[in-house]
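Presented as structure tokens, the chain that follows is alone, the form predicted alone.
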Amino acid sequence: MPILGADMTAGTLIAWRVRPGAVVQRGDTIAEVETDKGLIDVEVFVGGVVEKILVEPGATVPTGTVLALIREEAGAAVPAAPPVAAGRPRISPLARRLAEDLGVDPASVTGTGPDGAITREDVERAAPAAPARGRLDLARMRQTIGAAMARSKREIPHYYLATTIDLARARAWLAEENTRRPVTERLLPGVLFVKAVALALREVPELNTVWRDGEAVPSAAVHVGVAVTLRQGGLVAPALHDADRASLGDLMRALRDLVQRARTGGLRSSELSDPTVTVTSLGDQGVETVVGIVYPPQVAIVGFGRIVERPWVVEGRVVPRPVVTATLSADHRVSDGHRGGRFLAAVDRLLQQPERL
């Protein structure tokens, strides 16, 4: 049972996607697990043959519990894993609980989520006269988030920095670039922020580490967790893998896909366990400054506010400029204000050259 959050202690196995005898390869999804933050696809990290299933669907077990045995077979060509027999509808945990409360048979509901997954909204449409539910699930999520943040403030000596970044060049480049792209491929300012953060972490690698067993463990890869607000409340921060190496177009497509799956119950276990830093933004809510709390075991979180017009001095003249406030909350056990300042300066410099992102 994977650990998919700082304060996750257990998970419920919902379904297996493989049977004993199935041949799997690294990265295959082999099971679905339910946590307080949704229905998660569990990936396998070795190739081989599924020898034995140890935990049956419906069982809630502690993190670290062995779910299945896989016999590794070196040198053999490994085909994709055969799926579990069709017939069981794919449904998010919130939608499942709501269906139980409202007496709705999931088999009778047409799913509108990825791969036909049944979402909470699909269940509500199937029972229009019933009151919407979700408060208990939201309460569980808020408790989980609260526990993680309390732990963070208790254990991590935070420091906080902020800077204001002129986005005139970035906004002008973005407008011109988007005229060359189909509507479905156009870039949003947020993808520039993610890429700038990812590249800045190469320059200040102390912030791209995780704190484990009393020491900072550097990460060779840059996996940027993006805070996603869920429609029913609460949030998750799944990873955009190798964000520093992705093109802006690929990063934008990955971001759209990640947000959709986060909101409909289709995240993979690695997307929740792999982030090495988190980016959060409340600009769409009109917030100009957001100062985050570091999410363990990460050691930094970067915040971006709303892009606003402000008076700005350019070559001795005061002119209107679109600007954004960028913040850094970081762990003083791993870095200090000097290094954090260099990181924010790097983010600023990178956003002044958007064509090179």
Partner chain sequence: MTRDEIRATVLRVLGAIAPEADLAALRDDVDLREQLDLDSMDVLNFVVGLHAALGVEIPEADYPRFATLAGGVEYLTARRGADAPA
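The structure displayed is predicted, hence computed values, not measured ones. Positions refer to the first chain, counted from 1.
From this point on, the text means the form predicted together with its partner chain, which you will not see here.
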query	finding
Contact flag, residue 181 vs its partner chain in the predicted complex, heavy atom cut 4.5 Å	yes
Contact of residue 187 with its partner chain in the predicted complex (heavy atom, 4.5 Å)	yes
Contact flag, residue 284 vs its partner chain in the predicted complex, heavy atom cut 4.5 Å	yes
is_contact(residue 221, its partner chain) in the predicted complex, heavy atom dist at most 4.5 Å	no
Listed residue that, although its partner chain is not shown, lies within 4.5 Å of it in the predicted complex (heavy atoms), from 262, 200, 252, 279	252
The single option of 153, 125, 231, 71 touching its partner chain in the predicted complex, heavy atom within 4.5 Å	231
One stretch from 213-221, 265-273, 172-180, 234-242 that, in the predicted complex, holds residues within 4.5 Å of its partner chain by heavy atom	172-180
